[in-house]
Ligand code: NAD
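Only one chain is included here, represented as structure tokens and corresponding to the form predicted on its own.
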């Protein structure tokens, strides 16, 4: 599997790592429990050990206490080497409360400006489109702190709007006010997107480093500058400059055209550099093309504490049934190991997952892949390959 490395080590002592765990809701605790076992087993050869600190935050905790994520917990989490997250959410919690209160808060507070989403073909995992002998092996490098996800906007009920535009990001502070009026008066919504040279440059540098480590010489920039020339034309220009400085090639593809081409040739792309919104969409498409969200590992990476998570939802309808697929959580653990500098341990995890899937008969696969093995049994199968 392709090498996508970061550099961790915050909270590391003599090859001992402290990991904050937010297992969350639904199937989150089930898949994270399996991933932890695999991470520990794979890293023994490098003499690494882990101390896991569990935090209760998520839908169940919120419904019980009305507490989302207190500042005291954020401060504690900041002292760890990394974070593992299961899944957040329940139908009984209004959408947006946990997403903004936990996921986006953690990304912004710890300036996790990289969202790393690899997609790859896995043995015996059916794909929705034929690959005709090809192989999916791509990675979305998604800018994770800017664009339309900054929380800058408001709703007007009478035609006038005055919304403060104040926030802090890693590297800068934004201050201002959005003042609008519309005639004739009517209700409307306004959301402000922002791309900065600071934000685009650093994500473009990471994309270049990833391409080089993968043995590639090109980065594909995914935007929509023909429709939003200021916002995405700026993103393109900054990214092109960084890529050229690294003496790599670039290609610009409109996001709608990319989605079309991915469905027709999902094996045709390598490193995809995306603004926040488009990266969110394209990475889920890639996961679907690779066989499902159960294959989709993810990392939210910054220069401090980084967070690793399978990107599927909490799936409350199958929680506790054993039908959860832990493969994405296990592969997220591999991303965490590589980020912490445990490259050979990460490779062992990835190899074990491939070996397990390769040798599994139909019934030995997870439910999501057409088999009948429970979440824990899949974990046992992977552990046997380590």
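Positions refer to the first chain, counted from 1. No experiment lies behind these values; they were computed from the predicted model shown.
Just so you know, the form predicted in complex with nicotinamide-adenine-dinucleotide exists too; it's not on screen, but the next bit is about it.
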(request) Just one of 324-332, 61-69, 47-55, 341-349 has residues with a heavy atom within 4.5 Å of nicotinamide-adenine-dinucleotide in the predicted bound form, so point it out. (result) 324-332
(request) State the residue from 41, 318, 360, 33 whose non-hydrogen atoms include one within 4.5 Å of nicotinamide-adenine-dinucleotide in the predicted bound form. (result) 318
(request) Identify, from the list 288, 89, 199, 298, the residue with a heavy atom within 4.5 Å of nicotinamide-adenine-dinucleotide in the predicted bound form. (result) 89
(request) Answer for residue 27 alone: is it within 4.5 Å of nicotinamide-adenine-dinucleotide in the predicted bound form, judged on heavy atom distances? (result) yes
(message) I'd like to check something about residue 258: if you look in the predicted bound form, is any of its heavy atoms closer than or equal to 4.5 Å to a heavy atom of nicotinamide-adenine-dinucleotide?
(response) no
(request) May I ask you to check whether residue 294 falls inside a 4.5 Å heavy atom distance of nicotinamide-adenine-dinucleotide in the predicted bound form? (result) yes
(request) Give a yes/no on whether residue 170 approaches nicotinamide-adenine-dinucleotide to within 4.5 Å in the predicted bound form, heavy atoms considered. (result) no
(message) Suppose contact means any heavy atom within 4.5 Å; which members of 98-118 contact nicotinamide-adenine-dinucleotide in the predicted bound form?
(response) 99, 103
